[in-house]
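One chain comes next, on its own, written out as structure tokens in the form predicted alone.
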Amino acid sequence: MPECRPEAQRHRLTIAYDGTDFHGWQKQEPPQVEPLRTVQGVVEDVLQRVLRQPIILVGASRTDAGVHARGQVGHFDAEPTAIPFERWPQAINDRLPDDVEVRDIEPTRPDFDAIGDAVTKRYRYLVFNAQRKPLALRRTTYHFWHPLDLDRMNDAAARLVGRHDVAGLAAASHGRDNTVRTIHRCDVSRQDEIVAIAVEGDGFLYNMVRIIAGTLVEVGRGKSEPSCIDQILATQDRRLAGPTLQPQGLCLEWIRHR
């Protein structure tokens, strides 16, 4: 990512959104007859209207349709404007829809790259583990009613930690030549009816966290053994992993940059 133009200032954004009614983060190219509603498209449009200049918003993570975020990070360049900087956050959020919010905006160095400078990302997948349906939480949790054994799930999760070829934990259409990634942390916890699967790493392939969650759920219900993780990592065989769980349970928690 090139540095910003000499007359412009690069800015860093932290963005939160409910992904239910978005077709993911990334704008669709080429333009559709009926443009799909994406987070990047909505925020970029508001930035252009508030700052009254062309804006290109770059996001660190291309979350899929239905996936949420508390700490998506983006950057954009803007030339000087008559609007005082301290008024930008309110002016932007006043024009954004209710399902997206700019949590923070700050000037940053000219060569800051939301994608290239990201070193660690944390995702959390929430499972509502009870017989009854989670009416109030249906947009943010995956409903799974069979009992889950967290000891077995944590045994499997611990085997993911380290640097591995994770092709067996990604969709076939991941489109990456390099499938080696480092998982810094993976664990499972429970609070009342909510089982939370937390994964931190230096990067993730397409659908990887949802497949990890699906695999751990299969282990927790007794359909697979914790050692299946060892086999998946050794063989890169997607058929040995669990299903790709639905997107509504997944949230991008934060991204750390160098």
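Residues carry their position along the shown sequence, with the first being 1. None of these values were measured; they are calculated from a predicted model.
Missing here is the form predicted together with a further copy of the same chain; even so, the following discussion is about that form.
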So in the predicted complex, is a further copy of the same chain close enough to Arg139 to count as touching (4.5 Å, heavy atoms)? yes
Taking any heavy atom pair closer than or equal to 4.5 Å as contact, tell me whether Gln236 reaches a further copy of the same chain in the predicted complex. no
Can Leu135 be called a contact residue for a further copy of the same chain in the predicted complex at 4.5 Å between heavy atoms? yes
Can Ala91 be called a contact residue for a further copy of the same chain in the predicted complex at 4.5 Å between heavy atoms? no
Which of 159 to 167, 77 to 85, 92 to 100, 105 to 113 lies within 4.5 Å of a further copy of the same chain in the predicted complex, heavy atoms considered? The stretch 92 to 100
In the predicted complex, which of the listed residues (Thr244, Gln9, Thr14, Thr20) lies with a heavy atom within 4.5 Å of a further copy of the same chain? Thr20
